[in-house]
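So this first bit is one chain, no partners, the form predicted on its own, shown in structure tokens.
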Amino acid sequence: MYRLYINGEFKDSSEKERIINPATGEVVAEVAVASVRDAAAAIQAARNAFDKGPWAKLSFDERKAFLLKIAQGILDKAGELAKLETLNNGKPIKESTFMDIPSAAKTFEHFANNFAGYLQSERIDLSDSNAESKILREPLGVAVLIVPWNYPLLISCWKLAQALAAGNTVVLKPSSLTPLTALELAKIIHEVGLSYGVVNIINGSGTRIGEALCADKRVDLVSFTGSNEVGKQIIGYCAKYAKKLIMELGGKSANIVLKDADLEAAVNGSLCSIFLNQGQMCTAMSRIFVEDAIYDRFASEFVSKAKKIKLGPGMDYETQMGPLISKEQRDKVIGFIEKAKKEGTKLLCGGKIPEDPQFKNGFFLEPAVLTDVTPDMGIFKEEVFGPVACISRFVNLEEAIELANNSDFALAACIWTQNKTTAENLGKKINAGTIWVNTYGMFYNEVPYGGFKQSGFGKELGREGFWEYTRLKSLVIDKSKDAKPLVNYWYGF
């Protein structure tokens, strides 16, 4: 039984929900569900901790020590956390073990070791010699952090590490589909000994407590990762008090393969870019554009390898692709595929529920590859959030740029070429916040991440992402002779 974590205490609630393993349909755990009153209590705890508690006033070294202890706590429970992430989310245990959990710990380590430098005041040289100025960066206050179900622990740690390092107090709400590792993280934080109210972690659906968390006047910042529809609702909730927002929303990313690319690397990397985590990634490269000269070879090899991807329960180390998060999500993805077929696309493989009886209780779907996709089709424009790749051809770079930028989203892109100059020139013309060249999905804590257009605004990670969790203050000091600035005489009589 997992309970809410509010003001340094684990608290029960009047309502419970069962968390399902999407690979088997079996119950993994029972979790307390927060009410509006619980959400208000968590906000008040965070508010008190910021306004009256010691956290924001700690020395940099003291704050660093706490962050490093959290990182070590994650590593100490790495095996348990990886298993729980897989049972709750469905992703293969290899991904949880070697990607998600270590990366979560490294995020805390990075910001523990670097936030002091990011917070250093900066002296500004002024043309007026009678004054001097400094730029100060300070914590914002209470941060509400809302996390999606596709990377439950990792994105929680992205947001938590930055918010805490900056000196904020937080209320974290994981997805109600995948709250387990976030609630385990609460145990780690509790053991570390943070002062009461600095971190509060509550489970509940957005429809139930989302407005209560985001519209509350006591909240200074809302950092959200999730769908466009929910993101727009949150913007509306926050408008009354003009809160600071960090919004990492959807994507319909472009993967551009040039004729001089290493074909094997491009095929394998492209498979990873759309089928990793069952395609449930906002950075999924769902639109693959291949130069005409190598299109047939690329498509043939891509389809051949897609057919060989091993489906299975995430806890099996041989599994390469697990189930989707829920039946509803699978039905939604199948709906996109059926609509695309009616609009004239060709389904080269997959897109069906596997017939093998071992998959009957889970939410599995064979990886799908579509061709003959045109910009006027829904599958070209809309985020599917599932294992569906669309392969199209282009004749020249101008056409590739036009196809890639023909989207309401601008989150990420990939370019595959052995010519670095071509890659850099092309990258400058692609409308996306992150562009990978000859790789996919390499996130670095030193590098800011975030998109444009309908993919949202604000950054996570890096110095710039960290600064999103701070407020900027200008300090101007007069240095005029005899401490008598001109303004002293403006109305002097």
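The first residue of the shown sequence is 1; numbering continues from there. Worth saying up front: this structure is predicted, and the values here are computed from it rather than measured.
Beyond what is shown, the protein has a form predicted in complex with a small molecule; the following relates to that form.
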{"property": "Contact segment among 210 to 218, 191 to 199, 358 to 366, 291 to 299, judged by heavy atoms lying within 4.5 Å of the small molecule in the predicted bound form", "result": "210 to 218"}
{"property": "Non-hydrogen atom contact Y449 with the small molecule in the predicted bound form at 4.5 angstroms", "result": "yes"}
{"property": "Proximity of S175 to the small molecule in the predicted bound form, heavy atoms at 4.5 Å", "result": "yes"}
{"property": "Any non-hydrogen atom of P387 within 4.5 angstroms of the small molecule in the predicted bound form", "result": "no"}
{"property": "Contact label in the predicted bound form: G73 to the small molecule, heavy atom within 4.5 Å", "result": "no"}
{"property": "Listed residue that, although the small molecule is not shown, lies within 4.5 Å of it in the predicted bound form (heavy atoms), from L81, M285, A182, L249", "result": "L249"}
{"property": "W416, F108, F115, F224 - the one with a heavy atom within 4.5 Å of the small molecule in the predicted bound form", "result": "F224"}
{"property": "Full three-residue contact with the small molecule in the predicted bound form, heavy atom 4.5 Å, for G206, I234 and L411", "result": "yes"}
